[in-house]
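As a starting point, one isolated chain is supplied in structure tokens, in the form predicted alone.
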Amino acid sequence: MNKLLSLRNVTKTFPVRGTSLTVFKDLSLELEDGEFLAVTGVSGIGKSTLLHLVGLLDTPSSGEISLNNIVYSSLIPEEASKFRNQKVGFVFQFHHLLPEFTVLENVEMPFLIGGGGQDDARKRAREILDIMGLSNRLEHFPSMLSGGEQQRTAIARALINEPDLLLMDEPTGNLDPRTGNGVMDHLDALRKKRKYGCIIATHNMKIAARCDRIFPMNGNGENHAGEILR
């Protein structure tokens, strides 16, 4: 496999009342093409911060992040926005679906924002929603869906542009175990059809165990995030 993502000596600090808080320091990590990696640790340990950096939603205080050998710090804001739209999909714990749009329209949105045509957007959206088991929910609004269906819709939306990397922040955190496992089953089905890397931030070790590797964050801002297991 080829290297997809690389983090080298990444440090993130936040200003707090005249001083600074170090979330993590000199964190290094690599992800291969098609690999699923679970980032584990208790709430507040920095998992979401890590995903935000990898997803170009924030910038590191120091260190280097690259995806497909494109170094993030080399991108101007306009390039970073386009790169994020085309190369990275993001699924949050709270799905953030647009309530006034149907399932189909929600999923089409990132493709249309990226400049794609309506016909192609509809074709792609229908295909991925079918894989996610939502072909009978295309014209439903988010309020008409169950929690699991809403999250599967959010995953479909994140993958509509066929990104190289999918980031998921506690994707099953608001779901019961059975529904959460169902969401992971659909992710596995998608994985067999499309090659993409994935980082899942979770405190649920049963979800983490379904990934290829586990990267535990130890909560010590002065150290690396932890040793990769498996």
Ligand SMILES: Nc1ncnc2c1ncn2[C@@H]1O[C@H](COP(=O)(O)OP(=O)(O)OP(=O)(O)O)[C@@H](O)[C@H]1O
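It should be emphasised that the depicted structure is a prediction, and the values quoted were computed from it without experimental measurement. Residue indices: 1-based, along the sequence shown.
The same protein also has a form predicted in complex with the ligand, omitted here; what follows describes it.
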{"query": "Contact residue in the predicted complex, chosen from 45, 190, 53, 29 - any heavy atom within 4.5 Å of the ligand", "finding": "45"}
{"query": "Contact stretch among 36-44, 62-70, 190-198, 158-166 - heavy atom within 4.5 Å of the ligand in the predicted complex", "finding": "36-44"}
{"query": "Full three-residue contact with the ligand in the predicted complex, heavy atom 4.5 Å, for 14, 23 and 49", "finding": "yes"}
